[in-house]
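The chain that follows stands alone, in the form predicted alone, written as structure tokens.
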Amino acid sequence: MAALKPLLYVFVYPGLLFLFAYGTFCEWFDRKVYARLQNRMGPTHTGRWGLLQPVADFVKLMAKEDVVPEKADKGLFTALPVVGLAVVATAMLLVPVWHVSPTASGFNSFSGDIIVLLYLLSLPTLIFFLAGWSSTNLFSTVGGTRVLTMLFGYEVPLFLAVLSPALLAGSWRLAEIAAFYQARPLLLLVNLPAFAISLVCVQAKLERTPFDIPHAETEIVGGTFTEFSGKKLAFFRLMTDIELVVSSGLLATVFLGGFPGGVGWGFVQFILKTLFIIFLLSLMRAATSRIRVDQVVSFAWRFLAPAAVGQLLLVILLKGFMP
């Protein structure tokens, strides 16, 4: 039984099977909310309420012809979608869906896991850059360059904002951070500015409107993914869906008090809290329009970074007065 538990983590919950099911559901939820906010219907035909549309899209792409450009770095071009999917799936194992108490233990819970999780969430950006660069297509190269340019804007504010609750909790372990705020729910209000900053940064990390500059169809066709098709594109889309789940799970853990109550009630809270965050991201997506890549970096350093530093100073002062 002891050997079976890690396998259940990796392959069932919160592993690959759960991530595929919940990732595609979150894509449907995001598309549905986004459509309704624009007075459209969104997915309707495949499955009840169009619920199976993302799954149908994935299956359709898997059946499509897989084309590799003649001048592309074929090894890198082929490996990157699989590596990216493995990275975000591994990151999900660190979200404490089951372990949310100060005495929690497990192979996926350790001191400093929040740092590792933030590092793993940084890797997809580099993978997107390499994907665009390895294809040698002009549009893909421009898209990859934009991805890397945006990284220098939002990454620092995101790290500062997410680590502020950890500093107040006095721990670099996600389970202990969640437990700290479960015991002191009023302190969650202190981190509201950091939560707002993190939402904006995650929106940029996921390259969603208004930060969808790297794959702007009206400017550079499909950007990073211009040359990708078939299975590789399907893996990249699934990777993006899972990254949305992991990012939402991270924000729910550090800003919304985690998912207390054991496997059953904890699972329900995980679903509700992550869907709430995805709703906020969809709302931001519907309420804004695309901006230029230089505006992203300027906005991040002029507004997000100073606000994140201010939040950090507030937390340091508050911690100095805490017993």
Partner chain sequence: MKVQIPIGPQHPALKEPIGLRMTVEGEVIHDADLRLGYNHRGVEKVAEGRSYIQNLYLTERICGICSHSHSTTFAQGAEILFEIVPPKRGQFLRYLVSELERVHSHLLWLGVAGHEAGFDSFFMYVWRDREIVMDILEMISGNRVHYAINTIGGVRRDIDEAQRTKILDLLAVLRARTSFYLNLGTTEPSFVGRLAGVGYLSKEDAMSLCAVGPTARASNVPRDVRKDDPYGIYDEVPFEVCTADTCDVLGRTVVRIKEVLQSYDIMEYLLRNLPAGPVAVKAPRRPKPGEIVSRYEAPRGENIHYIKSNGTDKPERLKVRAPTLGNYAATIAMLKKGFIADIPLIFAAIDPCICCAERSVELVDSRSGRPSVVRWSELRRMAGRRAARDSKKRNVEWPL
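Only a predicted model underlies this, so the values are computations on that prediction, with no experimental measurement involved. Positions refer to the first chain, counted from 1.
Although not depicted, the form predicted together with the partner chain is the subject of the following passage.
Site test, Leu118, Glu155 and Ile271 vs the partner chain in the predicted complex, non-hydrogen atom cutoff 4.5 Å: No: none of Leu118, Glu155 and Ile271 comes within 4.5 Å of the partner chain in the predicted complex.
Candidate from Leu138, Ala86, Leu192, Ala183 lying within 4.5 Å of the partner chain in the predicted complex - any heavy atom: Contact with the partner chain in the predicted complex is made by Leu138 alone.
In the predicted complex, the residue from Leu52, Leu275, Val293, Leu61 that sits within 4.5 Å of the partner chain by heavy atoms: Checked against the cut-off, the match is Val293.
Interface membership of Leu163, the partner chain in the predicted complex, 4.5 Å heavy atom rule: Leu163 lies outside the contact set for the partner chain.
is_contact(Ser298, the partner chain) in the predicted complex, heavy atom dist at most 4.5 Å: Answer no; every heavy atom of Ser298 is more than 4.5 Å from the partner chain in the predicted complex.
Partner proximity in the predicted complex: Val221 to the partner chain, non-hydrogen atom cutoff 4.5 Å: It does: once the partner chain is placed as it appears in the predicted complex, Val221 has a heavy atom within 4.5 Å of it.
Residue contact check: Thr90 to the partner chain in the predicted complex, 4.5 Å heavy atom: No - in the predicted complex, heavy atoms of Thr90 and the partner chain never come within 4.5 Å of each other.
Stretch in contact in the predicted complex with the partner chain, which is absent here, among 246 to 254, 78 to 86, 193 to 201, 141 to 149 (heavy atoms within 4.5 Å): Heavy atoms within 4.5 Å of the partner chain in the predicted complex occur in 141 to 149.
Heavy atom contacts to the partner chain in the predicted complex at 4.5 Å, residues of 267 to 289 in sequence order: In sequence order, Ala286, Ala287, Thr288, Ser289 come within 4.5 Å of the partner.
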